[in-house]
Ligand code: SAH
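In structure tokens, the next block holds one chain alone, the form predicted on its own.
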Amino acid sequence: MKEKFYLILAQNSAQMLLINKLLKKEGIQTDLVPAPPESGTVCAVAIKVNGDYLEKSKSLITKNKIEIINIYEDKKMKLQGLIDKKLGLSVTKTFLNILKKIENGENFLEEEIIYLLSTKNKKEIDGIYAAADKIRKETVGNVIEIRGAIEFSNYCRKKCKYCGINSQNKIKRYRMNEKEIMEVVKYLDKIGMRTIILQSGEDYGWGIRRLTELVKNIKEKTRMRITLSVGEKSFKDYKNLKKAGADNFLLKIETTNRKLFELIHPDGNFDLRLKCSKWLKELGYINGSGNIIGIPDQTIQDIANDILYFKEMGINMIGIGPFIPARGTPFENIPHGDVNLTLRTIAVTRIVCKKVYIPSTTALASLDKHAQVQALKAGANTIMLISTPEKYKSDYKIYNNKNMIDIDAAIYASEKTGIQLPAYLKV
């Protein structure tokens, strides 16, 4: 008899962490995972427990007078209608078996993910995109999530070989102050934006105390969720930022191949990057990661392992973009990543990871203005608007010829895909 697991959904992240701590203290093994589709919640984390400990868990929650939203059985997500009789004539047996796995909600082996990423059969490729699109609709709905990104500093202490704002690159540097940031925040709040992204290099000029005060101020002035993308910090720093009101954190692994990670990050520490992601999960952040498609020496197997990592880590937000060279970096003459492989990776990630947020990245739109639309048809569900002030926008040069995605681009993508813009957006 197979083990059953259940997902406990708390009222808020503070109660979720309290329940998780309580259960662990009593010897109950838990995991923090994305909330199930049937919960109807967005950007939420659930506590996963073995069915053998469900009654004990419920008893402990009741005893400690903690209110929860609900408890859901961790069921396989099943889909119907992916296979028809005609399909069998034009695809391989391997592909049909994978489609059956998708229909039955089963987990995938590494070699099966590699097959989905590698196939050249047009019918199979169309089938992959159709499955990803259907899973997107079933798990996160037929709405494009819109988020506003403020790139508030391009100072960075790191030497990443692919990044245009690395510490050794000679570019015009800027650092926004609190007043400038809050002006953008208030505008985004006014147009109904529910989530802002504060993104920067790893900038010593924005120390943890200053950053914490900014997060507190935003929370006091608005009801928006806050995503931070400010790099590697200590456990204590992440904890303080969470306590201040940060909801989400984006820290891309970029590649799960240790050798490739060390190649592109000459001053990086692969184990620390993994540890940071685990800390973020432990602290109850909506945990974001992602990879870069097309970095030197990357293989399809590497990408498959990235996807498995996202699944096993219970990552909530997954940013997948093509490598684009940046002037003045060691990689400036390396060709950009393949758009089609990036789109395929998005689709396969949706199929494997199910209920996650996957942006149609700015990097994709920078290589091909139609790619953002294609990504939404391939399983992506989020668009990030570049909301950095005009006088700084062109100086956040993480790669060449960056497409400054705005609200018009989001409207265009919605019209072309038939995926609705969120009702909260006032445009």
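Values in this document were obtained by computation on a predicted structure and should not be read as measured data. Residues carry their position along the shown sequence, with the first being 1.
Not on display, but discussed next: the form predicted together with the ligand.
Of the residues given (Asn305, Asn169, Asn217, Ser229), Ser229 alone sits with a heavy atom within 4.5 Å of the ligand in the predicted complex.
Between the ligand and the residues Arg273, Lys101, Lys311, Lys123, the one pair within 4.5 Å by heavy atoms in the predicted complex involves Arg273. Although the partner is absent here, Ile196 is not a contact residue: none of its heavy atoms lies within 4.5 angstroms of the ligand in the predicted complex. Taking non-hydrogen atoms only, Lys252 approaches the ligand to within 4.5 angstroms in the predicted complex. At a distance threshold of 4.5 angstroms between non-hydrogen atoms, Gly148 is out of contact with the ligand in the predicted complex. At least one heavy atom of Cys163 is located within 4.5 Å of the ligand in the predicted complex. Proximity of Ser200, Ile292 and Ile324 to the ligand in the predicted complex is complete: all three residues have a non-hydrogen atom within 4.5 angstroms. Exactly one of the stretches 347 to 355, 70 to 78, 252 to 260, 204 to 212 approaches the ligand in the predicted complex with heavy atoms within 4.5 Å, and it is 252 to 260.
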